[in-house]
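One chain comes next, on its own, written out as structure tokens in the form predicted on its own.
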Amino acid sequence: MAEIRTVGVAGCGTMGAGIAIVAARAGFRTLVYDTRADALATARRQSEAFFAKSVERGKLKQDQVATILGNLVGTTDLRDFKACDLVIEAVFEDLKVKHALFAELNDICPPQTIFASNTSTLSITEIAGGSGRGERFAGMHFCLPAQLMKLVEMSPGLNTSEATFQAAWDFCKALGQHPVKTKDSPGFILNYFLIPFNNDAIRLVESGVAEPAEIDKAIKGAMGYAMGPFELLDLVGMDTQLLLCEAMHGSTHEPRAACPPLVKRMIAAGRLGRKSGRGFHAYKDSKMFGS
């Protein structure tokens, strides 16, 4: 198995941008792809602000930041991924979208390139089925925000080779992350619990039990969570939450995984969360979480 030196991250939304930061910070040459040049520019500004804050806090030196940012390159041309040893997909939770992306990548990348998906709800085996290289495919679900959270859920598909999974596992550890192995099961570990939990919190607001700020305060104060459910939902985005619910509910038919109506109303109103400036809470800027 060839050594992983160059990493591609497909999609530079909140999740993809965070994964790219983790890879570049660990010393890997990191290419970030998105169809939207403005999204790449925004992610670059947010990454620079994040690392500037790291310098202020004494976690990094300025010369280290220069090296890291030199490793981080954005592109709107997927063909640039032909140089990648590993490609991590971080696009919408839509199987057709992922299949189309991986089919294109399969034509671009050499046979030895490993493919991975950051999916948090969809089947790794089903995604890999449209990739053209099921044995060289693994699940790598980073936690949000990836640049701060260390845990990564690692999931082999039914056809994933042992060598591929070991290479992906070793790469995860080289990033400084903490991998845990899960089966290819809906929601894996975290979202099996988290999606119904967050939906329950939303339903408390729908039923008038308490306001989002009060629920966040209660959950953090009594349960020790770093973020309340509504702070996390605003970071994830209402549009992404809808897709997560649809994927999870479609796989499990668990009633608590069904998307609450309030989420759809908020999407219609443009209240997507941090990225739009307003969700369950209001935000003054679009800085990356943790910067």
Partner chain sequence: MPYCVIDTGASRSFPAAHALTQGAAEDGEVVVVIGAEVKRGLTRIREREQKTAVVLELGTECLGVYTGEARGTEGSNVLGFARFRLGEGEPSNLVELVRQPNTAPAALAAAKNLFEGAGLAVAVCNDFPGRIVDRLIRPYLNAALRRLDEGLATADAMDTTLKLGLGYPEGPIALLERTGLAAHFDVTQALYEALGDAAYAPARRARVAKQRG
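Rigid core here is just the name for the largest C-alpha set that superposes within 1.5 Å across the two forms. Predicted, not measured: the structure shown is a model, and the values here were computed from it. Numbering follows the first chain given and starts at 1.
The following text describes the form predicted in complex with its partner chain, which does not appear among the structures shown.
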query: Non-hydrogen atoms within 4.5 angstroms of its partner chain in the predicted complex: do 81, 95 and 115 all have one?
result: no
task: Would you kindly say which of 58, 261, 70, 224 lies with a heavy atom within 4.5 Å of its partner chain in the predicted complex?
output: 224
query: Only one of 151, 108, 174, 163 has a non-hydrogen atom within 4.5 angstroms of its partner chain in the predicted complex; which is it?
result: 151
- prompt: Though only this chain appears here, would residue 182 touch its partner chain in the predicted complex if you measure heavy atom gaps against 4.5 Å?
  reply: yes
- prompt: Taking heavy atoms only, is residue 214 within 4.5 angstroms of its partner chain in the predicted complex?
  reply: yes
task: Answer with yes or no whether residue 246 is in contact with its partner chain in the predicted complex, where contact means some heavy atom within 4.5 Å.
output: no
query: Any chance residue 256 has a heavy atom within 4.5 Å of its partner chain in the predicted complex?
result: yes
- prompt: Only one of 98-106, 127-135, 73-81, 200-208 gets a heavy atom within 4.5 Å of its partner chain in the predicted complex; which is it?
  reply: 200-208
query: For the stretch 187-206, which residues lie within 4.5 Å of its partner chain in the predicted complex by non-hydrogen atom distance?
result: 188, 189, 190, 192, 193, 194, 197, 200, 201, 204
task: Tell me, please, whether between the shown form and the other one the C-alpha of residue 66 is shifted by 2 Å or more, with the rigid core used for superposition.
output: no
message: My question is whether residue 235 is one of the residues whose C-alpha shifts by 2 Å or more between the shown form and the other one, given a fit on the rigid core.
response: yes
